[in-house]
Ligand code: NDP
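Form predicted on its own, single chain, as structure tokens, below.
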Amino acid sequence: MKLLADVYEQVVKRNPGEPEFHQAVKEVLESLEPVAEKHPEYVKAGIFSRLVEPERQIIFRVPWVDDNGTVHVNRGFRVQFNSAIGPYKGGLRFHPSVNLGIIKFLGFEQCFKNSLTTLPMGGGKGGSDFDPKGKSDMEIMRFCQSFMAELVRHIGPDTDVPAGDIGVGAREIGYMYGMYKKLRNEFTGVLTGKGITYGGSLARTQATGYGLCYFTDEALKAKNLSFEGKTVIISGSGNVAIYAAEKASQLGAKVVALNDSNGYIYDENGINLDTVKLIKEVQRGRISDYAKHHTHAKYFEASRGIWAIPCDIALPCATQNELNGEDAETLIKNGCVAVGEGANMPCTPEAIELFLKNKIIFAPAKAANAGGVATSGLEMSQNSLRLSWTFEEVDQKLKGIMKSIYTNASEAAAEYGDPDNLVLGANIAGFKKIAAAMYAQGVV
């Protein structure tokens, strides 16, 4: 970095102890260096400096009472990063690892992801270090109500529209929406990922996983390849992983492995998704339970070992920095031809560099996993219009959006001299829309 080196140094200085945020900013700024050279007016207007500083960072206390009457205190966050192209939009994550740096990294990525969808949504993210695992429904309800009692001050259908993320599914969204509705005395589309009975969108559950496969399929087609007949491994076993596996299977691939934080399951005959859905969506169990239902399948401790399984396509769908340089070398050695990021920033910079260097088709998260927020945007539209679209209508719109995201990222990469680098293309394509809006709106 030349023109933008000072911007990055300022980020590190102002945000000590936040490596994930530093990593996300560095990757983007490195991609935007040629844009800065081509648009000196953006540098002069401080677009890059403003882009990396959130418009608002909110931290608050969340007290709640467990089933034994013991009081607990967690910390809540909402980072409203950029509203140049629309109201803040981004998920809420409930996980012990959540801190301000994690939320800032996610919010920063969200700005570009939302821009790429072509829908009018700014970027934001939020959550808490609360762990839903092992909690009763009543404990989770009391936590969600306490969390929303503060968050309600900062959100609204035309201000900030949160959604779900890790640890926040339909149950948590329902509890939070109920509290929001009670406190505001209004029924609006302020949260997405809602239940179908109260304003949710069909296909939202499937959207991130389906969208990942739609994007990756477009990238494969550009190289005269497809999912048909390919062996696929997918990290994670939550919402994104399950529906990425479903769509990959529908496209003709065989998914042979899934994992969770404890270990991974390998089924050479192809993962039975009905069993996975039963374990994860109904029983809320661990992926190791799969082997109890299918005795021919093998379960292994240590979830990272999943990357050693030979495959044609790898889809990391669990969490940030789960796939490192060593894992990337193993995948390349075993003949992997494509990697699609379903989670947010699941590949380390070393891994991404190796994939690009070895001409592996690499679909970066901010483009490839934008299907979830794209469908959240469609849910917002349905709420505003007071109507519902069919599953097929939403799925078709999603497929079109993912195809457009691929086209825009691919064209931007080619325009700036590196046609196979979708990381570069996605960052530039997402930035251009935000930058133009910020420039038009003046220094605010």
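Bear in mind that the values here come from a model prediction, so they are computed numbers and not experimental data. From 1 onward, residues are counted along the sequence shown.
The protein also exists as the form predicted together with this ligand; that form is not presented, and the subsequent description refers to it.
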| query | finding |
| --- | --- |
| Joint contact, G156, T192 and N383 to this ligand in the predicted complex, by non-hydrogen atom at 4.5 Å | no |
| Non-hydrogen atom contact G76 with this ligand in the predicted complex at 4.5 angstroms | no |
| Contact test in the predicted complex: S249 vs this ligand, heavy atoms, 4.5 Å | no |
| Proximity of T208 to this ligand in the predicted complex, heavy atoms at 4.5 Å | yes |
| Contact flag, D327 vs this ligand in the predicted complex, heavy atom cut 4.5 Å | no |
| The single option of N259, T216, N82, S115 touching this ligand in the predicted complex, heavy atom within 4.5 Å | N259 |
| The single option of A253, A203, I173, A318 touching this ligand in the predicted complex, heavy atom within 4.5 Å | A318 |
| Contact stretch among 291-299, 115-123, 237-245, 306-314 - heavy atom within 4.5 Å of this ligand in the predicted complex | 237-245 |
| Stretch 82-96: residues contacting this ligand in the predicted complex, 4.5 Å heavy atom cut-off | R93, H95 |
